[in-house]
Every structure is written in structure tokens, then in C-alpha cells.
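As a starting point, one isolated chain is supplied in C-alpha cells, in the form predicted on its own.
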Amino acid sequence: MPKFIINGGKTLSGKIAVSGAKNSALKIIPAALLSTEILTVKNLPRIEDVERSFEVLSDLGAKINRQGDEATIDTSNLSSTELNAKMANKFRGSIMFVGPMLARFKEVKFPHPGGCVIGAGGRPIDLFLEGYRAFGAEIEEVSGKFYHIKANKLQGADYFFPLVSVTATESMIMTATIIPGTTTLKNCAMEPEITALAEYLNSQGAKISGAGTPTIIIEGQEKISADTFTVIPDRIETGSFVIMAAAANADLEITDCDPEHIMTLLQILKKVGVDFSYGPDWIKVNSGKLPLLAHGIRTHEYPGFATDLQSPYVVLMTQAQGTALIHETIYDRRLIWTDMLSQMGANITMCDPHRIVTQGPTKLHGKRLMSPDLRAGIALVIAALIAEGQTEIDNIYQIDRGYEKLEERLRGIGADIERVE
């Protein structure tokens, strides 16, 4: 299994480009199932989860041709309506294939989706199943690990999400796009990836209104077309790089991004004392007078502080003057990884599974670590970059799931990082 070897304390500077958004790419790929025409996707990130999505789609009988950051997807002659269990168990994004397949074929079989450890036992698919039932589907569950969903007839529905969920919102939008009747979804998530998906589907004949607001209305169409979709910049990668620059006190420009997507983070960084400026597609972080000032955060659905940026932000707070309360409101177990930061020298108190208090600034020291999940993984990389000495990070498959050629891009700005097989 590959690992990163990082020698910390190097000066970081220059420019680093943001890749296409993982959470946008993982929705447009299954959206190809909604049409029998060929979909072209541009600005695709080269990450593990995208490769796993293509494996699932190919196994169903789709034809995929990928060249660099562009791919064409042809689902006109699918040969199966059952997701391969070994493939689908590898990543949680496999659940996104279910809605489009149900809408198109009125039947789908799939295993409980896999993924990383955060929220284990707390990331159920009940919201998805309840939504499919609202459309008229019948669900047979086998030992809680395998599902068979079918319907003689699907129809539009009124559905209120008891919990705000990005993936459930996107799944219900795609399902409703090509089934009869009008669907009204309430208490929807409002992330930019949802708006991008809806705008593309509308450009191909769908009738979706309200995307980016809590209420979305879909007038089902008999069929839609397919054309070209450009994946939006990854806002989580953008925020991670901004936080990395602040923690390393680096002069760093983050390019190919959309600052509007991380405004909550940027406003908080002003209070922390980070010196930065931004334009339409760039953010420039400047080295400044240290230490920074500690500032607590509470994660919240978009446009609040993103849970996926909480882990990198904890690292930043270990370098800030004073105490900060970090309150994770969305996922269970997402703060357990901070024990590894404590091993590196951070002063962190675990209050309960959802809250920690950081006390800084503290020097971090290199250690042998293991990445428990995608976002904790990038946080450990940031910690290693600013630590004294050498850090080994194992299980970097988790990091590869969401960050394209990370070590190459970090070396480009001065980091001493090596991938060792």
C-alpha cells in the first residue's frame, strides 16, 4: 500500500491549481444514465472515486472513452440493472447510480454502498429509500446489505427531506427528471454542485426550478438529451489549499477556483488574521505576522462552514493564538482523527464525539500516521508540511479518492513530499 513521506518545515510559495470538483464529477457520471445520447464530461479530476464510478458504469454495459481530463459516456446499450457488489462496496458514491437506473429501467439491484469510516453506522441510505418509495417504488431488502427496487409505474411526488442531504437531493432530482408528473422537493441542500447539475439537465430538456434553494420543483419529461458538461472547480480543495497556505505562512496563489463557493471560510479567515485577496477565479494568500488568532467554528450545510473543511481548519487552529471550539454537527466520528494531531504535539481536548477545543500555537513534530478518511488525510498532509522532521502517512488511498496527483502539485510549490509504494 502506498504512503507519503513528508519532510516538513519547507517554504511554500508559487501557484497551485484547483482540480474539477469530486462531488460534481460523481453526480454527472451517473446522470449519463438519464439519456441514451452520448455525454461528454470535461475538467474531470483524476481521482480514485471517479475511476470507481467508471468501473461501475462500464460493468453495467456503458462505453467510456477517457482522454486526460475529458471523457465520453455512452449508455445507450446497457446490459444489466444490477450494480456489481464488489465495485459498489468500494465507495459511497455508488448510491448515485440507483435513482437514474430506477427512473430509466423501473428496476435496480444494488448493495449497501461502501466508503470511508466517518459516520459509520450514521450514514444510512434511508433518505434515498424513502424518496424512491414516494415515487411509487417497492423495495425488497435482503439482510440489510442488498436491495432490490422495482416499480410498475413511477410518478412525481411531494417529498420533504427530514435531514438536509446533498446526495439525496441530487438523487431525487435525477430520478424525477424523466418520470411522469410534477415533483416538489422541500428542505433541499443548496450546494453549488446541485445547481451545476440542474443547469446541465435543464439545458438538455429537463424542467427543474429552484435548484440552490430549499424548494426544488421538477416537471418530469419523457426523455432528455445529452451534450457537454464541464465539472466546476472543487470548493473543498480550494478551501484546503487556502488553509494550507495560512497554516504554513506561505505566499501562495490558488488558481482555477471559484472564491464565491467558500465565502464562509474566507470571512472566518479574516477574523483569524489571514492576509489574502481574491478575484473571479483566484485567491492569493500572503505570509503575515504570526501568530494568527484562534476562532471557533460550527459546521453547517452550505452556505455554512463545510464539514469537509473542518479537518484542515483544526490543523490551522493548532497554529493560532488562544483556544478554539470546533463543533462538528454533521458526521459522527469525524473528530476521532485529531488524536493523531495530539501525537504530533497539538494541544487538543476532546469534549465529546462532536466537539474539541484546540489551544495554540503549538509546534508539531513528524510521526508515523495512517489516514482514516479523505478529509482527515489532507489535514494530516497539511500538518506534516508544517511539522518539524519527517512524517509518514499510510493508507493514502483515502487521499487519492479526492485529490488528483497531490504530491506532484505540492512539490511544485516547494513541498518535500514523496510517494513510496
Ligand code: EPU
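Quick note: we count residues from 1 along the sequence shown, nothing fancier. Note that the structure is predicted; figures quoted are calculated from it, not measured.
In what follows, reference is made to the form predicted in complex with this ligand, a form of this protein that is not presented.
A single residue from the set Y147, W282, F276, Y331 has any heavy atom within 4.5 angstroms of this ligand in the predicted complex; that residue is Y331. Between this ligand and the residues E107, E219, E140, D126, the one pair within 4.5 Å by heavy atoms in the predicted complex involves D126.
This ligand in the predicted complex is not approached by H327, whose heavy atoms all lie more than 4.5 angstroms from it. Interface residue remark: T167 is counted as part of the site for this ligand in the predicted complex, having a heavy atom within 4.5 Å.
With a 4.5 Å cutoff on heavy atoms, M263 does not count as touching this ligand in the predicted complex; it lies far away.
Contact annotation for L163: at least one heavy atom lies within 4.5 Å of this ligand in the predicted complex. With the partner left out here, this ligand still marks one of 388 to 396, 34 to 42, 367 to 375, 66 to 74 in the predicted complex; by a 4.5 Å heavy atom cut-off that stretch is 367 to 375. Residues are counted as partner-facing when one of their heavy atoms sits within 4.5 Å of this ligand in the predicted complex; in 301 to 316 these are T307, D308, in sequence order.
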